[in-house]
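Just the one chain here, laid out as C-alpha cells, in the form predicted on its own.
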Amino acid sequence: MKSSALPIRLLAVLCLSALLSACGGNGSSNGSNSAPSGDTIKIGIDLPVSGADASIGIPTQNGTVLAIEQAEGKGLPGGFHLKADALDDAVQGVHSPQQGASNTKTFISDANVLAMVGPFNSNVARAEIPLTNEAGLVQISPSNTADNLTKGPDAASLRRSNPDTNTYFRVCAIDSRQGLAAAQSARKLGFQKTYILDDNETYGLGLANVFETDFKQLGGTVLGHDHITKNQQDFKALLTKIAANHPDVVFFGGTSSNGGGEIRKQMFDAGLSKVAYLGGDGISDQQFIKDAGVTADGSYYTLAAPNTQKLPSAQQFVKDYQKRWNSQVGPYSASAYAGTQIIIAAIVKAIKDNHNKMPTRAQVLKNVAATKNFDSPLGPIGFDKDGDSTSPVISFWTVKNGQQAFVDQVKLKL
C-alpha cells in the first residue's frame, strides 16, 4: 500500500500545479508565472514596421527606441538597465490584429517587460487591450484614435477581465476630435458636397462616421457613404459612381495600406481629377505619396498630433532624432517618444518607491495612471480617467510637389 500511495499523491500535486499554472493561479500581478529578475527592465514595442505600414511604423518605433536609449545612457536608479523589445505586428505587409495579440502575449509572458508602447492601429488595439487588461500590463499608444477603445460599452467590454482597472492609455487625439477637425477644415476650404469612403476597419469606419456627422452639422452635404473591401485594389466602378454625383471632395477613412493612395490615383481615371481628396492620419505616411504618385498633390489629411517642427518644446527632440536616425521625424515619432518618456518616468519612480529594487507591473501602472502635466516634446501631457490625453492637438496637412506640407494647427470649435 505504501509503495502505491506516493505516486498517487505526487500525481495529485502535479495536476493541481498544472491547473494553477493554466489559470495563472500564482496570484502574480505581473501576469506571468514568474517575477521579474536580474537587472534588466524591458519595454515592449508593438508596431507595424514592414510592408505598406513601414514608412510610418519605423519612424514611430524610432521615437520609442530613442527615449529608451537616452534613459539608459543617463542610468536608472538601483543600477537597472533599460532595453527595448520590439516586435512587428504586420503580416504580409499589413497590420494584423492577430499578430498584435500574439506579440502582446509574448510581452506578457516575459516578466521583465513592465510596460509596452503601441500599437499603431486601432483594430490591433482592440485585440490587445483585453490581454493587457487581464495581465495588468500598462500600454501607451502614440496613435490609436478610435473613440470606442476608451469610451462607451465597447471600451467596457475590452476591460471585462478587470473592469475597475485601466491599463490602456494614449497621447494622441481621438477620432471624435480628428473627424471634427477634418470637417471644419473641409468647410473652411469651401467644400460643400462630399462622398465618403472607408476601409470598414475600427479606425477608418469610426473616423468616416464622425466626419459624416460633423460635415452635415456644419452645413455640408453628404452624397453617399460606401465601404471598400479588404485587399481591394480596383476602385474604378466605385469611383465612376462617385463621379456621377459631382462631389467637391472625396473623404477616405482608412489607411494607405488599405488602398488610400490607390483610390486617389484612380480618381484621375474616373473623371475626378479636379475633385479634392481628404483623409485622416491613416494617409499621413510616405506610402500614400508613393502609391498615389503625382496625383498625391492637392490631397489633404488631418494628424492626431501637432507639427513638432513648429513646437518650441519639441526642438531638442527633433535635433536628437535626426542625429540618431539620420532621417526626418515621422508623424508620430514625437508621440511615441513622449509616451515612452512617461513609461520610463513611471518605472524610475517605482524603482525609488521600491527602495531601488525591481518594481512590479502594478507599481508602474499606478504611476502612469497618475500622470498629470508631464513635460514632453508635445507639451504638458496628462491622462483622464479613461486613459485619454487631457491636451490633444490636431494638425492639418496637404501634399504639395510630392512633399508633405503643413497647413495649420487646428483649434477645434467644440
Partner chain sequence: MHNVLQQLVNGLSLGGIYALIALGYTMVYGIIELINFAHGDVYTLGTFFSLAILGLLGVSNQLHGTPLVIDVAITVIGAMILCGLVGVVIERFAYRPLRNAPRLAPLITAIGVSFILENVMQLWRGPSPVPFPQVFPNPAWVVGGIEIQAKQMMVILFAIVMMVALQLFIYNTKLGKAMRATAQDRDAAQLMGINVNATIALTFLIGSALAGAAGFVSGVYYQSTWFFNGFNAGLKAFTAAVLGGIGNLAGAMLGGFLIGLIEALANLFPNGNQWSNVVVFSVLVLVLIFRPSGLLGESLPEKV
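Owing to the predicted nature of the structure, the values given are computational and were not obtained by experimental measurement. Residue numbers count along the first chain shown, from 1.
Beyond what is shown, the protein has a form predicted together with the partner chain; the following relates to that form.
Segments offered: 315-323, 331-339, 93-101, 107-115. Contacting the partner chain in the predicted complex at heavy atom distances within 4.5 Å is 93-101. Interface residue among 81, 241, 151, 310 relative to the partner chain in the predicted complex, by the heavy atom within 4.5 Å criterion: 241.
Only one of the listed residues (188, 216, 236, 74) places a non-hydrogen atom within 4.5 angstroms of the partner chain in the predicted complex, and that residue is 236. The shortest heavy atom separation between residue 286 and the partner chain in the predicted complex exceeds 4.5 Å. Of the heavy atoms in residue 157, none are within 4.5 Å of the partner chain in the predicted complex. Shown alone here, residue 200 lies within 4.5 Å of the partner chain in the predicted complex, counting heavy atoms only.
None of the heavy atoms of residue 193 is located within 4.5 Å of the partner chain in the predicted complex. In the predicted complex, not one residue of 303-320 has a heavy atom within 4.5 Å of the partner chain.
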